[in-house]
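Only one chain comes next, encoded as structure tokens, the form predicted on its own.
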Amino acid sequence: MSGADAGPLFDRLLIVGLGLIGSSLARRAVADPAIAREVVAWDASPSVRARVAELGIVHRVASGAAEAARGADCVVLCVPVGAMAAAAEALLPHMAPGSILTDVGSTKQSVIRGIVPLLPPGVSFVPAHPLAGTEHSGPDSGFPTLFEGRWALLTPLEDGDAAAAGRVARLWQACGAMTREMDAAHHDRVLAIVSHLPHLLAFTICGTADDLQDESRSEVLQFAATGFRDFTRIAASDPTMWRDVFLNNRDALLEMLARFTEDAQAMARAIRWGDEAFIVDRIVRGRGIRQSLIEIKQA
């Protein structure tokens, strides 16, 4: 943030859902007074609210959804995408004209479909998605540098408020993220291949290992190589969150899964028939993608 004389970006920032993303945003916003004068938390779970209060990672934990939304000039929904519309429905009637609603959901078209019909006059909705995370969840898992050097994608509505979108972009930039705008449908296709499909494969591979006979299963766990360990890290992610992601980005995910299945079958044929050139080509291309990630500091 720049210019202390300009005051904070928001007067009262409400974070709804204090898992990894929400609690990381809370920690960052409290640490940087240029983001908000007051950071308020609300979570539907009483135990999460109690833990957030114990941790002291916000200025105040609201006692109810209505009380949380009143006076907030920016509300960030950090709940699973399947719960976005219900959370918005509870909060929007209590949000004042001129305030901003945004989210961090990994699918954008479904969130937009669920929230836009609920918007009251004067409240701007700016869909967003910070591309950051770990396999951990809950308010204890957050840390203020989670978004450093990562992308935050915004998918503004066609008739949305450009000034509100600019403020949401500045929020994520203040958290250390790089921002870019894109169409919601394009976002969902991109995330289907870079995030949703890898998680689906990780859950499936771990399920395959778990279904092995007892002796083989114990050896898989005992002798797990780095590759399998990496899959288990991804597969440790929050099940509710990923259930909702898969179901709410169904079409794009199934398209990418079909393309992957065709490519996997092609690799199987190459292995079966000893097509060394095909196998090497796929390995070299994979190495190239990894090197590209390293070069743009996204590895």
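Residue positions are given as counts along the sequence shown, with the first one as 1. Treat the numbers as computed from the prediction; the structure is a model and nothing was measured.
Below, we turn to the form predicted together with another copy of the chain, even though it does not appear here.
Quiz prompt | 4.5 Å heavy atom contact with another copy of the chain in the model of the complex for all of H199, G207 and F260 | solution = Every residue of the spot touches another copy of the chain in the model of the complex.
Quiz item: Quick one: of M267, A53, A31, A66, which gets a non-hydrogen atom within 4.5 angstroms of another copy of the chain in the model of the complex?
Solution: Result of the distance check: M267.
Exercise. Report the residue, out of R60, R37, R70, R233, that has at least one non-hydrogen atom within 4.5 angstroms of another copy of the chain in the model of the complex.
Key: Partner contact (heavy atom, 4.5 Å) among the options: R233.
Exercise. Determine whether any heavy atom of W151 comes within 4.5 Å of a heavy atom of another copy of the chain in the model of the complex, and answer yes or no.
Key: Judged by the heavy-atom cut-off of 4.5 Å, W151 is in contact with another copy of the chain in the model of the complex.
Practice problem: Considering only heavy atoms, tell me if D11 and another copy of the chain come within 4.5 Å of each other in the model of the complex. | Solution: Output for D11 is no: heavy atoms all beyond 4.5 Å of another copy of the chain.
Quiz item: So in the model of the complex, does P97 come within 4.5 Å of another copy of the chain, heavy atom to heavy atom?
Solution: Contact with another copy of the chain, no.
Quiz item: According to a 4.5 angstroms non-hydrogen atom cut-off, is R113 in contact with another copy of the chain in the model of the complex?
Solution: Answer no; every heavy atom of R113 is more than 4.5 Å from another copy of the chain in the model of the complex.
Self-check item: Heavy atom contacts to another copy of the chain in the model of the complex at 4.5 Å, residues of 228-257 in sequence order
Solution: Going through 228-257 in order - heavy atoms within 4.5 Å of another copy of the chain in the model of the complex - the hits are F228, R229, D230, F231, T232, R233, I234, A235, A236, S237, D238, P239, W242, R243, F246, L247, R250, L253, L254, M256, L257.
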